[in-house]
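Single chain ahead, by itself, as structure tokens, in the form predicted on its own.
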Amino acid sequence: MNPAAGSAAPGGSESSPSGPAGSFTALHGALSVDGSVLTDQNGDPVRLYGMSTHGIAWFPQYISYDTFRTLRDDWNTNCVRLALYSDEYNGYSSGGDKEKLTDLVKSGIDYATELGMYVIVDWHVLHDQDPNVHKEDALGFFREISSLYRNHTNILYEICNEPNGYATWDSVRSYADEVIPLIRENDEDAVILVGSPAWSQNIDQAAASPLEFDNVMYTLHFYAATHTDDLRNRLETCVNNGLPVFVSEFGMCDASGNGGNDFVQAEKWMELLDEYQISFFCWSLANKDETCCVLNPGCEKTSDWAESDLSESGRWIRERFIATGL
């Protein structure tokens, strides 16, 4: 059974902040964190899974109703992640059109809501390393989005994608201590996702000194051809110690986004995530010539893809999504 059954036409009157009647979001409602577990409005465990877009400044064509409908109905996903780069070429804080980028995020939220899907708003820190570099822009962005969508129950806020380089857990904590209260002024209960140093791998540092907020989860990112037993052991230890972990980005290839896929290691990761019912999001929804992208470079279609339109990564993860939750 499709976990996201139920839909509404684009802009249709059936849509509401909880999604159309009978949809996945209407059934599960506002999410919360109970110990290490993501739960729904009834207090039952719930698992989100789906695709992350690539940078929406570079691949805006995939922010569409039909794209998300295909991911919901043909790929069996229940959530989509919107990656808004902060510092790369044409990023929000590095020369991009802020109004246009914000409108893309709004459109993505609206399409997901109409389709009864959850949606992750991802402030995609990468080149900037420490999220405090563009903190003022982040504050302004999250203030606008959380205010506009304050009554929605299907939004998760990922406030810093992958702190890296010189970023420390103390600097991430300092940033989170400003951004989270700002979001909470508009949305008291939304689930907030927080990255950790070393490209969201040092979740043990978060476990040793967690944030003092409710409904917070800590993101772990992996690329199966690079990250194997050591990182899996770290994940398992942290979850067993009560840390709420959310895999908001992963790939089957190496950490560069290229190289060969390692499906043996990827399957070991999936088995671990299944065991602990951890949410997971694959990078990325794009036709860029990279191993991690799920569409072939020559594919110009933005929805209703045939198997021949999919890369090796795309074929594998689609089958994995279909098998999840059956």
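Residue numbers run from 1 along the displayed sequence. In this text, all values refer to a predicted model and were calculated from it rather than measured experimentally.
There is another form of this protein, the form predicted together with a small molecule, and it is not shown here; the text below is about that form.
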Quiz item: Though only this chain appears here, would H54 touch the small molecule in the predicted bound form if you measure heavy atom gaps against 4.5 Å?
Solution: yes
Quiz prompt | the small molecule contact in the predicted bound form: K288, any heavy atom under 4.5 Å | solution = yes
Quiz item: W283: heavy atom within 4.5 Å of the small molecule in the predicted bound form?
Solution: yes
Quiz prompt | Close approach of N161 to the small molecule in the predicted bound form, 4.5 Å, heavy atom | solution = yes
Practice problem: Find the only residue in E236, D137, E88, D74 having a heavy atom within 4.5 Å of the small molecule in the predicted bound form. | Solution: E88
Quiz item: Though the small molecule is not shown, can you say which of L231, L126, L211, L104 has a heavy atom within 4.5 Å of it in the predicted bound form?
Solution: L126
Quiz item: Hey, with the small molecule in the predicted bound form, do F68, Y111 and N296 all fall inside the 4.5 Å heavy atom range?
Solution: no
Exercise. Specify the contacting stretch among 112-120, 250-258, 92-100, 137-145, defined as having any heavy atom within 4.5 Å of the small molecule in the predicted bound form.
Key: 250-258
